[in-house]
Ligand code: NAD
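Given as structure tokens, the chain that follows is alone and in the form predicted on its own.
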Amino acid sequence: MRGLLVGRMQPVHQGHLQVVKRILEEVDEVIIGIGSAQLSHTLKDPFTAGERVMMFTKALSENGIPASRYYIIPIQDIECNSVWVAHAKMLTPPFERVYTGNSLVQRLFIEEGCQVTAPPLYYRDTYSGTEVRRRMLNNQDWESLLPPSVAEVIKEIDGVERIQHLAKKEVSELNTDQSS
């Protein structure tokens, strides 16, 4: 049996890794759908699809998960929810079960007759992309939330500097703030 896990993975953290391990206890193979693949270089979505694929590939390898057990597929958003599931199915190998914590994605797959499961969360208050990005922005310990190989990828691409730079207000915004 093959399952599809859908998420933004911004960035890949220990929680994602634990979810994949648990899913692989239920299915033979997992397709990891890198959601919102077209988005990058924003505070909410700072990493490119390629960077997220690299993060996941290295983290899975580092944890002894053989490449024969997973596929990593970037999935772009489209501006028409009624056909998004067909779009995702076109990009991925066939699957029998869908795993996602996103209520919209859950609803779209349910309406298409798919078996949908909310993946078990692993210390969600600590292991979340939002928390990792917040810590990066505030120069706090973010590396302990990630597999070591993912932290190395983020360092390689200057991910912390990217997030901190993106957080700065543009000169035009500063001028507006001063005139208010």
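Treat the numbers as computed from the prediction; the structure is a model and nothing was measured. Residue indices: 1-based, along the sequence shown.
The same protein also has a form predicted together with the named molecule, omitted here; what follows describes it.
Annotated contact segment (heavy atom within 4.5 Å of the named molecule in the model of the complex): 31-39, selected among 150-158, 31-39, 134-142, 57-65. At the 4.5 Å threshold, heavy atoms of P93 stay clear of the named molecule in the model of the complex, well away from it. Contact between R69 and the named molecule in the model of the complex is not found at the 4.5 Å heavy atom cutoff. Using a 4.5 angstroms threshold between heavy atoms, L121 counts as touching the named molecule in the model of the complex.
The named molecule is not shown here, and in the model of the complex it never comes within 4.5 Å of any heavy atom of V98.
In the model of the complex, G101, N102, L104, V105, L108 are the residues of 101-116 with at least one heavy atom within 4.5 Å of the named molecule, listed from first to last.
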